[in-house]
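Encoded as structure tokens, the following chain is the form predicted alone, with no partner shown.
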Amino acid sequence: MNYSRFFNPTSLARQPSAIRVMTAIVASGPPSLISMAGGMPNADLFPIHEASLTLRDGSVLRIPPEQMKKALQYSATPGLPELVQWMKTLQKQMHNPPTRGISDPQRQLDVLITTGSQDGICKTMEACLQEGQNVLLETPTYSGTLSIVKPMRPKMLGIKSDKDGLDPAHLREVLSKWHPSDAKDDSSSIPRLLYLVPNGGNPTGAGLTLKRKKEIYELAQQYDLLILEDDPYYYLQFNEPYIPSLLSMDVDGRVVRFDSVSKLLSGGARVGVVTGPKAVLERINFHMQASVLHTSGLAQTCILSVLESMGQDGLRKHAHTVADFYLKQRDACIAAVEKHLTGLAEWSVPSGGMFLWIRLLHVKDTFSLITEKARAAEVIFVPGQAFMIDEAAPSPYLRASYSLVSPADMDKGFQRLADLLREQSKE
């Protein structure tokens, strides 16, 4: 792996912050270390002394004064060491990445805590993309990623997806415009980056099959692609055992995986996890040193306290409880759609996550229907354009989220949409 070919000049020019390096040295030093280097405020002057978290089962987690001092103080950029280690153990148990423990310092697996997984995706894209460069994106795709990528003005090559996720046959077709050897030519326009959401896709709810994952990884090897595996819905798969991740089959160090606690523990905590080769995580680390410095120590400490109280087995049990809830919500959503939209729309049953992707049969563009008429009828969805590379092109799709809505309200919502569609067909 020649990682330098994946980074743009701005990223390659980033150097470690001298102060951030010193902060890490102090944080990992012995108690006898006398430091007059860092510009840290005196934590004894902070007004918060300690805290406690009351969980839904009634148990109370106490964050004692010494732990609170660490939470409120500046810390090393990669994350609180205890949380980083907890996540490394989790990734080992869940994915057993082949690059874990290898001697190559560039390809060796590492973990970095970011301010939500989207922050990690953003910084990775900012490290890799250049204006005019070809980049491969699953389509439709997460609108937040499009918001990151579009201002960088690369040439976005959409790879089709269906109920089983990204279509490797279409990926192969798009890549066939180049020869694999072009990856060794720095002047070639061959794509270097592939972004996808492998489970419970946002907006489609689709999940990649194991067969497709293997095909995609083989193509990535053939054309020397770096895969960005954005997987916040991994634990919201509705069938078990979980489909193995791309990280679990990454023998080369070409997968950068993005996990999040948002769907299981807290969206507002803004704690994400990036797992991948050290060469890539180092670039993200250097960017963080110049921007956020590190993810909120208080948020990391709260999340760590909850994770430690659960343990690895407890987290998986909690994940099953969450997935069971969303499965029931999905089933209620499908029942309501079948009741009201049969003959008016098409859809596939989501294999995970919290979204249903719907194609309206007699509507060329859902934008005005959703933003004006549906809003007036007191039901709202997301128009399909939000998830398309060409957001100006008409789209007959809409995304419905079943995460918060009761079955009764889902029934009412889709009935209102059906009424609108019937009224529109008479116009």
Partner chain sequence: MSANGDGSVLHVDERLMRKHLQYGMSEGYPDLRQCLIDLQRRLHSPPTCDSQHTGQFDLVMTQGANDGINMAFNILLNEGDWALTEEATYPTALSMTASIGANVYPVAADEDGMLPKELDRVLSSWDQLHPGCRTPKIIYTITSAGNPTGVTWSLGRKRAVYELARSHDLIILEDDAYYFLQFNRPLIASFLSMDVDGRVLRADTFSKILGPGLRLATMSGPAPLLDVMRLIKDCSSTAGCGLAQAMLVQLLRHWGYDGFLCHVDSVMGFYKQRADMATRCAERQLSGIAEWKVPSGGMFLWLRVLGVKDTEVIVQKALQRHVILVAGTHFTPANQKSGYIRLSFATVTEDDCEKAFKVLADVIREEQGK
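Residue numbers count along the first chain shown, from 1. None of the values given here were measured: they were computed from a predicted structure. For clarity, a rigid core is taken as the largest C-alpha set superposing within 1.5 Å between two forms.
Although not depicted, the form predicted in complex with the partner chain is the subject of the following passage.
Taking heavy atoms only, is residue 152 within 4.5 angstroms of the partner chain in the model of the complex?
Contact check for residue 152: no, nothing within 4.5 Å of the partner chain in the model of the complex.
Do residue 45 and the partner chain share at least one heavy atom pair within 4.5 Å in the model of the complex?
Taking the distances in the model of the complex, the answer for residue 45 is yes, it comes within 4.5 Å of the partner chain.
Is residue 210 close enough to the partner chain in the model of the complex to count, meaning some heavy atom within 4.5 Å?
Flag for residue 210 set to no.
Consider residue 137 of the chain shown here, and say whether it contacts the partner chain in the model of the complex, taking contact as heavy atoms within 4.5 Å.
No.
Please tell me whether the candidate spot formed by 34, 144 and 299 is one where all three residues come within 4.5 Å of the partner chain in the model of the complex (heavy atoms).
Looking in the model of the complex, the three residues 34, 144 and 299 all sit within 4.5 Å of the partner chain (heavy atoms).
Using a 4.5 Å heavy atom cut-off, indicate which stretch of 309 to 317, 72 to 80, 330 to 338, 95 to 103 touches the partner chain in the model of the complex.
That would be stretch 72 to 80.
Please tell me which of 291, 321, 222, 176 lies within 4.5 Å of the partner chain in the model of the complex, judged by heavy atoms.
In short, 291.
So the partner chain isn't shown here. In the model of the complex, which residue out of 390, 50, 378, 372 has a non-hydrogen atom within 4.5 Å of it?
By the 4.5 Å heavy-atom cutoff, the listed residue in contact is 50.
Out of 91 to 124, which residues reach within 4.5 Å of the partner chain in the model of the complex, heavy atoms considered?
In sequence order, 115, 118, 119, 122 come within 4.5 Å of the partner.
Once both forms sit on the same rigid core, is the C-alpha displacement of residue 24 at or above 2 Å between the shown form and the other one?
After core superposition, the C-alpha of residue 24 moves 2 Å or more between the shown form and the other one.
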